[in-house]
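Just one chain is shown here, as structure tokens, and it is the form predicted alone.
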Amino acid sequence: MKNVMGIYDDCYRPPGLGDLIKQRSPGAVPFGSKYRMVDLVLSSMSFSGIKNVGIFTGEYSGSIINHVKAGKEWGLLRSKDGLFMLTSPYRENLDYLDRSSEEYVLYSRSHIVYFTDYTPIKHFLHEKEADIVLAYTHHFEPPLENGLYFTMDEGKATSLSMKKESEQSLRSMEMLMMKKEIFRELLEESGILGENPLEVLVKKQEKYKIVPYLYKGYVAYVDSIAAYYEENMSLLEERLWEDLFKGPGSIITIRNDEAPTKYLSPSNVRNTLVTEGCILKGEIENSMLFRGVKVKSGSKIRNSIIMQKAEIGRNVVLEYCILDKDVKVESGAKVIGTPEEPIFIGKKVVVEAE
């Protein structure tokens, strides 16, 4: 994969993510107990041997820039190639492509999460003599609000559209591999034929031989708060967790040296993903805890996602909740949502007892 460069597109902001991306970009959204969504795709690129990566940034770009920094953890802090932040409109970055020596581009958008080796996709591109390989999956629920859909005709992708137009439409992963010269054409027309490279591709699809590639590994479509909740909670299933985390290669994130989690009496933690730095005294079941969460005695947390450094007071009840970073829940408070509509509480909010 030395001849492939990676493009991570963090510009699109799914409306359904609402307050979850109020102060961050989609790629910087916490995921899977200790990661950010960008970690999985950057780790895929690193695992595949990609050494030149460009990240298209949009609103609240500081959140992803502060997380990935110079890309050292992914082997992208290099004197040649490395990690590049592309902050201008798409078509103003043609010089970045022109300076790069790679012949192929692997393009991926930030609200679809997976971890894989791209090498088979490159082989598939050559085998099918395709201009573009478009990855897709049979993971159908929940549907994307907006996304790249297509139909299949004699092994080719046809009728590309940015929304589902028929029952025969297949959902892409918005992950594509193509020759760099083709990606350059898409960038050159962005802002003219469409806002982004995918919209341009829809307009120019007749020009290219686009071949679908069935991806059979783990994939999460995160375009709404309900989808975010469902995809994270699905990782509590051992089979899905192993599919994502126990395959070849490893998912990398920024190191954060903290003490191991402390399970203090009378804590009771069941079927829960917990990362380091937590101090737990309460009863926690079917949940996901990120770094540095504190739960005091008498509290009961079920079916919830608790992000970094949240503090849960005594005798709190949380069910079907998503708590963003630095949330404080005062003693005696109760917050109860439903599986279909989990309650989201934004950054640094203080939840008072009634």
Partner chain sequence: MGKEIIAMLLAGGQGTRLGLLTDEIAKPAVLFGGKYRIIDFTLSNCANSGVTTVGVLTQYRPLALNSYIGIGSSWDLDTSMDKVGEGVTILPPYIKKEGGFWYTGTANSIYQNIEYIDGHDPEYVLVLSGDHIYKMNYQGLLDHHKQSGAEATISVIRVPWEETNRFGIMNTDEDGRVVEFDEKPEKAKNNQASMGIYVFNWKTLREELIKDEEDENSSHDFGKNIIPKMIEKDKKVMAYNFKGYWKDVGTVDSYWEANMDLLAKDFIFDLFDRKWVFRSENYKVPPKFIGPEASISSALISDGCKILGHVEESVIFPKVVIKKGASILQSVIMPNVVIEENVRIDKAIIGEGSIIEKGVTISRSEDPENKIQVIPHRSFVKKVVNTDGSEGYECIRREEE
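Positions refer to the first chain, counted from 1. Model, not experiment: these values are computed from the prediction.
Below: the form predicted together with the partner chain, not depicted.
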item	value
Site check N146, R171 and I182: each within 4.5 Å of the partner chain in the model of the complex by heavy atom	no
Any non-hydrogen atom of A135 within 4.5 angstroms of the partner chain in the model of the complex	no
4.5 Å heavy atom contact, C278 to the partner chain in the model of the complex	yes
Proximity of K80 to the partner chain in the model of the complex, heavy atoms at 4.5 Å	no
Partner contact for L94 in the model of the complex: the partner chain, 4.5 angstroms, heavy atom	no
Residue (of T158, S88, T119, S250) lying close to the partner chain in the model of the complex, criterion heavy atoms within 4.5 Å	S250
Position in contact with the partner chain when the complex is considered in the model of the complex, options N52, S304, S299, S33, heavy atoms within 4.5 Å	S33
Candidate stretches 253-261, 98-106, 124-132, 200-208, one within 4.5 Å of the partner chain in the model of the complex by heavy atom	253-261
The partner chain in the model of the complex - contacting residues of 232-247, heavy atom within 4.5 Å	L236, E237, E238, W241, E242, F245, K246
